[in-house]
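This document opens with one chain alone, in structure tokens, the form predicted alone.
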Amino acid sequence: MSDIELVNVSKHTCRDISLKIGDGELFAIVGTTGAGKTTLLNAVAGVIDYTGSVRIGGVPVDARSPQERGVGYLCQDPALFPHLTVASNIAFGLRAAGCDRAAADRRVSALLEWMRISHLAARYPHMLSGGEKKRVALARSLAPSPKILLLDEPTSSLDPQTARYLRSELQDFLKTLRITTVHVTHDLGEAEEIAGRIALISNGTIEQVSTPAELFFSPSSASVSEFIGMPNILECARSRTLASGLLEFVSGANLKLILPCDGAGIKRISIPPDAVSIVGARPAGHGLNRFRGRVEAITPHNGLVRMRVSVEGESLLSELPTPAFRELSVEKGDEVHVGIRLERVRYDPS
């Protein structure tokens, strides 16, 4: 068993954190910079002192060294040894633990092939791209066959395309491994994509632990709602299937949206404020999911502007950068045109 339990763990910002992560679970911890995410990982890994207790497989490991805890740790900085080849970097932990050279070589060869980086085996870190360095660092952390894998912002510093590709690969790797994994990120979308459950941490306190759907549709507090972007939640009053895999969704206030349909019913939808676009003049093109609305309120917020707009009986929150708002040049009471970007809509199936 490799479940993880934190009992009243405290260090720096973190205060009396208690948390349970199941055996083989892929779990995410999400929060802003300084919220305490990395501190928790460091406590689980045993690389910092802390109060409270960390239990792995039901056994307290507080007196054990990092090497004795059976934990693989991928830090934000891959920290590869510049004087060692890729293969030697991956083998480093195995050889430091006294692993037989032949067995270590077999393990490294298997990881190189599995991570699809065999062609990089003889290269040095300065010859690698950012994504390649992350793969090598991940292979190195997996080489000793740890019971637990800790990932600290594994896609940080990568360009968006490489980050998306690495996240997809990580999902495949971790599903195959079935290893207990704790994935730390500041990116809520990444956490949602990767994990079955998410812990949202703020100022060293766990605000909510839930599935991604529960987090978006049932935030436990105002601070959680603020962190996830104060999404617009629309309840489904009725719906009907249209041709070509589309569904007409009608909210309780009679706002009609045309949504992609996979055959399942929809209980409610969540629309992030930045997916509610607002323009002054009617845009060109088709009128799908476009409406006339009226501005109810305008509120500046952290370099953005939040606009509350009445649309077909619903009150929708929109969020846009301050320069875009100034260019829009609208005031409370003005009529505007509203569009919904479907790629950002989340569904709660019935």
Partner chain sequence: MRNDGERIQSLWGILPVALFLATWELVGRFNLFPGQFFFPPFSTVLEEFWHLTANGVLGENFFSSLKRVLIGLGSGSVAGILVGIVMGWKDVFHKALHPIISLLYPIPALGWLPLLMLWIGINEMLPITIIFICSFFPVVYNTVTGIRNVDRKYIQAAETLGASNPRILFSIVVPLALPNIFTGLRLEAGMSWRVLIAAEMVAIPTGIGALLIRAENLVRVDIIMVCLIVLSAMCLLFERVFSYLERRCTRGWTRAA
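Positions refer to the first chain, counted from 1. Under this definition, the rigid core comprises the largest set of C-alpha atoms superposing within 1.5 Å between the forms. If you're wondering where the values come from, they're calculated on a predicted model, not measured in any experiment.
Not on display, but discussed next: the form predicted together with its partner chain.
Asks: Verify the contact flag for residue 52: yes if a non-hydrogen atom of it lies within 4.5 Å of a non-hydrogen atom of its partner chain in the model of the complex, no if not.
Replies: Residue 52 lies outside the contact set for its partner chain.
Asks: Check whether residue 249 has any heavy atom within 4.5 Å of a heavy atom of its partner chain in the model of the complex, and answer yes or no.
Replies: So residue 249 does not count as contacting its partner chain.
Asks: For residue 304, is any heavy atom within 4.5 Å of its partner chain in the model of the complex, or not?
Replies: Contact check for residue 304: no, nothing within 4.5 Å of its partner chain in the model of the complex.
Asks: Report whether the minimum heavy atom distance between residue 257 and its partner chain in the model of the complex is within 4.5 Å.
Replies: Result no; residue 257 lies far from its partner chain in the model of the complex.
Asks: Since the chain is shown here on its own, which stretch among 166-174, 179-187, 230-238, 81-89 would lie within 4.5 Å of its partner chain in the model of the complex, judged by heavy atoms?
Replies: The contacting stretch is 81-89.
Asks: Could you spot which one of 242, 110, 96, 102 gets a heavy atom to within 4.5 Å of its partner chain in the model of the complex?
Replies: Result of the distance check: 96.
Asks: Within 4.5 Å, heavy atoms only, which of 202, 141, 270, 208 is in contact with its partner chain in the model of the complex?
Replies: Of 202, 141, 270, 208, the residue with a heavy atom within 4.5 Å of its partner chain in the model of the complex is 141.
Asks: Any residue of 120-138 with a heavy atom within 4.5 Å of its partner chain in the model of the complex counts; write them all down in order.
Replies: Result: 124, 126, 127.
Asks: Given a core-based superposition, decide whether the C-alpha of residue 102 shifts by 2 Å or more between the shown form and the other one.
Replies: Shift of 2 Å or more: no.
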